[in-house]
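Coming up is one lone chain in structure tokens, specifically the form predicted alone.
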């Protein structure tokens, strides 16, 4: 319990120091909001088809960007090194950083979903599965950002590294084109993308339909990716946190 309280203290510190700034919230909402609005104005009948992907994209960029930026900034300022000297388990630091980044991603995404519900009449068919998809995606993507922050030294390097992975994922994960419509040779790659399975969970939560035979498939895959990301973050922090 002490480690949980310490992790929450780290998380609260990050939220107050970094995530609670209005420009960051505006940045997280502007691009997906404008993109979805433009699609709606072009063809109001099709916006529901892309809304799960746009919501997942918002979650991806918000969670990964901030987790990568905050630690990289703290490493440069020397505050991360002081955190490492504190009587904290390394996994406690990982948990605290993950929780704050995931909370930022969730808050930004929920504001977007609420705006869509009020302005465009977005409705949830399976709210519980939609919430699970958001939670799994936020934590998974935050861990991805933490891993990136450990292998670079500068903020711009962290963003470059994340974009090297994020943008290809957008085009193979059903964000703009449903998974079922992807070319046959691209579908195996899409299966290996964690974003694919988060999009499918969100789509099932929004529409009650999935391109997979059962929602249990993307749910199980998302949990597997989460375990892999947590293990990778632990190993990466052990090897590089004290360099």
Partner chain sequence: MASANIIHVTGLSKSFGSLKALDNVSFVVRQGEIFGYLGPNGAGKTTTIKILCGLLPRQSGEVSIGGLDIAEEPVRVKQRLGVVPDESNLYPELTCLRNLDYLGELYGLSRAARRARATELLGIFDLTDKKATPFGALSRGLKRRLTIAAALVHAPEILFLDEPTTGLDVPSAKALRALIQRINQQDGVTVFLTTHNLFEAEALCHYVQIIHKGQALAAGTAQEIRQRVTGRKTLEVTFDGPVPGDWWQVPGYRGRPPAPVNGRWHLETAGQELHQVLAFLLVRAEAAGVKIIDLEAGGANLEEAFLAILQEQRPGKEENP
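Positions refer to the first chain, counted from 1. Please read all numbers here as calculations on a predicted model, not as lab measurements.
As for the form predicted together with its partner chain, it is not shown, yet the points below apply to it.
Novice: Of 85-93, 132-140, 106-114, 167-175, which is the one stretch near its partner chain in the predicted complex, taking non-hydrogen atoms within 4.5 angstroms as near?
Specialist: Only one stretch qualifies here: 85-93.
Novice: Would residue 12 count as a contact of its partner chain in the predicted complex, using a 4.5 angstroms cut-off between non-hydrogen atoms?
Specialist: Yes - in the predicted complex, heavy atoms of residue 12 and its partner chain come within 4.5 Å of each other.
Novice: In the predicted complex, is there a heavy atom of its partner chain that lies within 4.5 Å of any heavy atom of residue 242, even though the partner is absent here?
Specialist: Judged by the heavy-atom cut-off of 4.5 Å, residue 242 is in contact with its partner chain in the predicted complex.
Novice: How about residue 74 - does it come within 4.5 Å of its partner chain in the predicted complex, if we only consider non-hydrogen atoms?
Specialist: Residue 74 belongs to the contact set for its partner chain.
Novice: Evaluate residue 128 for contact with its partner chain in the predicted complex, applying a 4.5 angstroms cut-off between non-hydrogen atoms, and reply yes or no.
Specialist: Residue-level check for residue 128: no, no contact with its partner chain.
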